[in-house]
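Starting off, we have a lone chain in the form predicted on its own, written out as structure tokens.
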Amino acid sequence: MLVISQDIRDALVAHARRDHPDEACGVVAGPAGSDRPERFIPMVNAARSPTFYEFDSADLLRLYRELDERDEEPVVIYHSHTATEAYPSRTDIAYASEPGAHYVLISTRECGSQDGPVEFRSFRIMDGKVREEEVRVVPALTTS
């Protein structure tokens, strides 16, 4: 199950709407080994495409160096689908390289860049297999 705070969920949805009609993408980092998504890191879709997303290689290198320095890891890897449901495509599955991450998809197909309903779903993708998981949105995450 993905447990995510309302403010981070809202930030992911806002990014998806802002980048529509192109796919939005990014990461939510958390302390290594914690499975707690705490730090929202929007990225630029280097592909600038409504049907595909790609992290810029230099941005990705900077991100992983920063994560190492802060003892963090990517807890959530997210992107949007602008014209299809929030379900991983064959390409999404092929590029899923973080076995411990939650892969969040946000579909803006109904609302575009406007307010309105979005699909917000989370998946675990490992060895080419996709498993949807429950998403629980909480007011704020507490550290314990």
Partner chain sequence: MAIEVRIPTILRSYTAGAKSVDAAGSTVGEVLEDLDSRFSGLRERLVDEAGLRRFINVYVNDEDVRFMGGLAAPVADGDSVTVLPAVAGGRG
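Numbering follows the first chain given and starts at 1. From a predicted model like this one, the values you see are computed outputs, not experimental measurements.
If you look for the form predicted in complex with its partner chain, you will not find it shown, but the lines that follow are about it.
K.L.:
At 4.5 Å by heavy atoms, is each residue in 57, 77 and 92 next to its partner chain in the model of the complex?
P.N.:
Yes.
K.L.:
Is the gap between residue 84 and its partner chain in the model of the complex 4.5 Å or less for some heavy atom pair?
P.N.:
Answer yes; at least one heavy atom of residue 84 falls within 4.5 Å of its partner chain in the model of the complex.
K.L.:
With a cut-off of 4.5 Å between heavy atoms, is residue 66 one of the residues that contacts its partner chain in the model of the complex?
P.N.:
Outside the cut-off, so no.
K.L.:
Can residue 96 be called a contact residue for its partner chain in the model of the complex at 4.5 Å between heavy atoms?
P.N.:
Contact check for residue 96: yes, within 4.5 Å of its partner chain in the model of the complex.
K.L.:
How about residue 112 - does it come within 4.5 Å of its partner chain in the model of the complex, if we only consider non-hydrogen atoms?
P.N.:
No - in the model of the complex, heavy atoms of residue 112 and its partner chain never come within 4.5 Å of each other.
K.L.:
Can you tell me which bits of 1 to 33 touch its partner chain in the model of the complex, meaning any heavy atom within 4.5 Å?
P.N.:
Just 23.
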